[in-house]
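Take a look at this one chain, the form predicted alone, written out in C-alpha cells.
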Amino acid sequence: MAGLVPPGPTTVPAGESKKAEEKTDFMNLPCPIPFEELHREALMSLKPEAFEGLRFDFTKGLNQKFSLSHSVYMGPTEIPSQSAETIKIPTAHYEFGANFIDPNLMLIGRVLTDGRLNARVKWDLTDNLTVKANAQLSNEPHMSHGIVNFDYKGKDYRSQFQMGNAALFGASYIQSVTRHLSLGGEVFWAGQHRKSGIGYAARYETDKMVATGQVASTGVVALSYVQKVSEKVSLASDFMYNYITRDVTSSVGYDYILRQCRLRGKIDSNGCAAAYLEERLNMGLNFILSAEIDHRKKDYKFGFGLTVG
C-alpha cells in the first residue's frame, strides 16, 4: 500500500525561492525615467512652488479636450542687486490661457499683460517617439527663447535630443542595468557662449527608496535620496556641491499627503525654510498657503491662493 501513496508536494526552501525572485532577467528590464527627471521625487519635497502675495487660478472646461484658464497674481517681484539685501518692487499681472489636451497631442498657450507669450507642445508621433517644444516671446531684449526635444522610449532605455536658439544642442541617454539600477549620460553645446559639457548619472530605485547621483564637467555634483515611509509620507534630502566654485548646499524635506490636503516643506543649510500647503475645500476648489523664510538674507515670503477648476 505504501507504494500506491502519491508523493507529497516538494517544498522549496524560502531562501532559494527568494533568490529565484531576485534573479535579474536582463532581457526584460524596465524602462527608466527620462534623464531630465532623475531627481523628480526629491524635487517634489525640496522644491515646492513657493510664491509671495496673492494668486488666483480659474480653469473652465469647454469640452473634454479644450479648456480656458484665467490667472491673477499680485505680489512683489525681486530685482537683481549687488547688495546683500533683497530688493522687491510691487507687481500685478493677469494671464489668459488656452489648453488642448488629447491622448496624443497637448497644446498649452499663455499670454500675460506684460507682453509675454508662452507656448508648450507635446506630440506623440508614435508609441515610442515624442516631440516636445517650449517657447517664450517677450518685449525685453534677449528674453525670448525656444527649445525642441525629441524623446525616444525604448524597451529598457530612453534617449533625447534637443536643440534651441542661441545654437544650443544637447543629447542624453539612460539605460536600465538591473531591475533597480539605471545609468546614463548627457552632452551639450552652447554655441553662443562657446561652452560645452558632459555629465554622468546613476539612479537606484526600489519600492521604499530612491537614490540618485549626478556629476557634470561644469563642476556640479548632485546627490539626492528619498525614503518612502508609507504611501502618504516621504522624506527627502539632497547635497549640491560645485568643485569649481566650492559652493556647498544641502537640504532635507518632507511630503505628507492627507485625506484633504498635501503638505510639503524643506530646510536647507543656508537657514532657509519653506512650506507649501494645498487644501482641497471641495471638488475642484483648492486653497493654497505658501511660506518661505530666509533669516540670513532677511527675506520673508508669504502667499495664499485659490484654485478653481
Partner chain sequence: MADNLISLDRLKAFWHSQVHHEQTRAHNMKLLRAAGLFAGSILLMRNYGDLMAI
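Numbering follows the first chain given and starts at 1. The structure presented is a predicted model; accordingly, all values stated were derived computationally and were not measured.
There is another form of this protein, the form predicted together with its partner chain, and it is not shown here; the text below is about that form.
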(message) Counting heavy atoms only and using a 4.5 Å cut-off, do Tyr225, Val229 and Ser250 all touch its partner chain in the predicted complex?
(response) yes
(message) Please tell me whether any heavy atom belonging to Val72 falls inside 4.5 Å of a heavy atom of its partner chain, as the geometry stands in the predicted complex.
(response) no
(message) Is it the case that Ser237, even though its partner is missing from this view, gets within 4.5 Å of its partner chain in the predicted complex, heavy atoms only?
(response) yes
(message) At 4.5 Å between heavy atoms, is Val221 in contact with its partner chain in the predicted complex?
(response) no
(request) Tell me, yes or no, whether Glu36 is in contact with its partner chain in the predicted complex, where a contact means a heavy atom of each within 4.5 Å. (result) no
(message) Looking at Cys31, Leu258, Leu54, Leu281 here, can you tell me which has any non-hydrogen atom within 4.5 angstroms of its partner chain in the predicted complex?
(response) Leu258
(request) Find the only residue in Ile198, Leu129, Met209, Met163 having a heavy atom within 4.5 Å of its partner chain in the predicted complex. (result) Met209
(request) Let me know which residues along 281 to 300 have a heavy atom within 4.5 Å of its partner chain in the predicted complex, or say none if there are none. (result) Arg296
